[in-house]
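For reference, the chain that follows is the form predicted alone, supplied as structure tokens.
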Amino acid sequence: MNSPTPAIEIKNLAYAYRKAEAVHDLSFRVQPGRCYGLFGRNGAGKTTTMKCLLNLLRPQRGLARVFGLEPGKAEVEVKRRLAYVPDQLAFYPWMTVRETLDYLASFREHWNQKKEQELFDRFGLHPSKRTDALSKGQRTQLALIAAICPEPELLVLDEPTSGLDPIVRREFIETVIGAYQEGHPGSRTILVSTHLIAEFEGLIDEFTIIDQGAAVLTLEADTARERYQRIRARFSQAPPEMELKGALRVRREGRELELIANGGGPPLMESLRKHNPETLTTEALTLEEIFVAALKS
């Protein structure tokens, strides 16, 4: 059976600002219905990649496709089917929240009024407040309402929760983004760029870590948790010297030894057992810990 057309396809993408290359031969694919994470430090090339997807920048090499279409050739069709929340938000300052949403809704074929009211109530936004009087967090809330109410096939979110306080941030991720996908399982897709990796832990299906514009690691989240393991061993005295091939990192503290493994967990566990530890445990790393380990290895 043929695979469905990817919601997003990036292939050998490259873009440079003057002589500084922001994205270098980047490739990844996002299948429909997935929540895909694009992880990287500030300046890694995440925003540039998203702008190439939206035809805000033209790729200088390689290709970017959305729903199998090239955004530069089918911009209206592509943008009709997605919503974008950028990292830098701007609204018409003379408009109220209500006027802003009415204006944005006028460009959409569909607008979920019930969802809009639910989000108003959850965020506590006042419809009559002018957008130039909103805090950064409130502007983010407004942008998220505007992105979710059209119920698009694809949400492109660039640091979508960075302006929210921790309580609202957690609630938004769990109830709003989760509910967006659950409304039509298998068809609604999310591409999210974030440095708040821990807060998206339970939603991310697959991810790409980029550094200096290039892909460092692309994995399904469950596969990553299986591969990246933390192994702890406690001995009756100081840990013996031993060869620990395959360990990304080794930390000794008192009678304890801690290893970070990437796919080499079983042989490392076997090596440790030969030295009769009092306790020997293993656990999966979180996605945030995997991100740190991948960039340090």
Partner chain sequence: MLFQINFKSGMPVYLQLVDQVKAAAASGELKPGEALPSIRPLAEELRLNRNTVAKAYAELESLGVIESLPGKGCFLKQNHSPLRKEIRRKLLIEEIDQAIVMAHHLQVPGREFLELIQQRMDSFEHKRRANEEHKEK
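Numbering follows the first chain given and starts at 1. All values derive from a computational prediction rather than experimental measurement.
Form predicted in complex with its partner chain: not shown, discussed below.
- Residue contact with its partner chain in the predicted complex: residue 211 places no heavy atom within 4.5 Å of it.
- Contact check for residue 82: no non-hydrogen atom falls within 4.5 Å of its partner chain in the predicted complex.
- Heavy atoms of residue 35 reach within 4.5 Å of its partner chain in the predicted complex, making it an interface residue.
- Although the partner is absent here, residue 133 lies well away from its partner chain in the predicted complex, with no heavy atom inside 4.5 Å.
- Site annotation in the predicted complex: the residue of 168, 203, 125, 215 reaching within 4.5 Å of its partner chain with a heavy atom is 203.
- Against its partner chain in the predicted complex, the set 53, 64 and 75 makes no contact: no member has a heavy atom within 4.5 Å.
- Heavy atoms within 4.5 Å of its partner chain in the predicted complex are found in exactly one of 176-184, 141-149, 97-105, 154-162, that being 176-184.
- For the partner-free chain shown, 270, 273 of 240-277 come within 4.5 angstroms of its partner chain in the predicted complex, judged by any non-hydrogen atom.
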